[in-house]
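Below sits a lone chain in structure tokens, taken as the form predicted alone.
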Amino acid sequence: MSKTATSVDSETNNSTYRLNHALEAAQKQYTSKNPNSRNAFETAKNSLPGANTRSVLFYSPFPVTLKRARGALIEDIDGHAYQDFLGEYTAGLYGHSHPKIMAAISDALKKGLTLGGPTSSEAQYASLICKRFPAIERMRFCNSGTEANILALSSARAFTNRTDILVIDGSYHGGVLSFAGESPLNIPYPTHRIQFNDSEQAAKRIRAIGSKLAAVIIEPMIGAGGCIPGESEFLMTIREETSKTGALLIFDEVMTSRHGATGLHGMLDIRPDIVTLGKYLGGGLSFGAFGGRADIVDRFDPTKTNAWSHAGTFNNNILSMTAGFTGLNEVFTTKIADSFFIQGEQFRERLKSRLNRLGLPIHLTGMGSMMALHFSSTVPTFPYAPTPIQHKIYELIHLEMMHLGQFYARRGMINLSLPVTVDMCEEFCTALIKTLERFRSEITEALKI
């Protein structure tokens, strides 16, 4: 006989009581420890909706207001110091205020900012990027990963003279290209969705859309949706099927270009038609870029008939070009990039091993220096929407980890940066294991629902 609705509700309430109680205590502790951040939050709401101008930076009950940072350490206005394992959502690869990059920026400032014409710095940086990433034969600069993806998709539609795009359900390619649910702000491209790592579905949908399909845009490892790697068969299927139907394959490597010396497409030996870049490649400053096959990107050549126009006042701004080039050429060299990927793999495996020994329904996914925690009974292979109970667990663990001086994403994303040391990694692991052990019963009971 099935349970009645009343008995199910009663069981749910009993199982989540301890979790709710623990979360309320964590919120109270956090609020009492951060009075200045709370006041700053309330004041900022008078001019900024939700007290911010970048939605991902908000977390309940309010985010700490940051004051300064150096290396892999940050400090808030209440005087608390944190180990930075967020890494500015992968943009902070170099850590904070890297001396080589800061020196290069200081020198560049003496020569002027936006000069109103081409400079040698943009050509120098473009040449370096083309040499570094195998699929990029020609490229264009812009100002963000969002802008890079918009321009890549628009280029694909113009080049193929087709209209439709295919995306991964639950993926994110920018503020107006968000496919986790339905965003009213999305650009109204005719859009189709498939599930990540479902090769059969991908092949069928690409064939079904056929001559209307301009492009498939995909992260070879899902970033914002949970650091979930793409399976080789799945990625190769998309490459083969887009080639057959005449659609372009766009790899969004705004995050994953940090994986090894050649980005994830180079590591996997898959050649997309267009690659988009952003985040750390600006050296800590605003940056975006897209590039790929010469026959596609050369359509932006203004010396040619019917060239596509590409505007953007700050596309070639001196500071981003200088900081980006210095970072990629002098700091994140090919040798360092490859070793950093291995270091990330080793850290994740150590943390995963310790998590497994807890016997809790928690998994760690990712590649290299990017990873994410998942409170679930199975390892996720595609993006998913956390339940309300999972959201509470994420919040509880996040607030307690901040209390222990650890800073990472509320949604469970963890990113390493170059200045993070082995000792810092060990301290982070110890804090996380300690926190999970402390709330073992709350997590276990809540996830039984």
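Nothing here was measured: the structure is a model prediction, and the numbers come from that model. Numbers for residues come from their place in the sequence shown, where the first is 1.
The same protein also has a form predicted together with a small molecule, omitted here; what follows describes it.
Trainee: Which residue, Q343, S144, Q83, N315, is the contact with the small molecule in the predicted bound form, using a 4.5 Å heavy atom cutoff?
Mentor: Among Q343, S144, Q83, N315, a heavy atom within 4.5 Å of the small molecule in the predicted bound form occurs only for S144.
Trainee: So which of H265, R258, H98, H173 gets a non-hydrogen atom within 4.5 Å of the small molecule in the predicted bound form?
Mentor: Contact residue from the list: H173.
Trainee: Just one stretch in 294 to 302, 120 to 128, 265 to 273, 248 to 256 has heavy atoms within 4.5 Å of the small molecule in the predicted bound form, so which one is it?
Mentor: It is the stretch 248 to 256.
Trainee: Since only the chain is shown here, I'm wondering whether T322 would be in contact with the small molecule in the predicted bound form (any heavy atom pair within 4.5 Å).
Mentor: Because no heavy atom of T322 falls inside 4.5 Å of the small molecule in the predicted bound form, the answer is no.
Trainee: Check N149 for me: does it contact the small molecule in the predicted bound form (non-hydrogen atoms, 4.5 angstroms)?
Mentor: Contact with the small molecule, yes.
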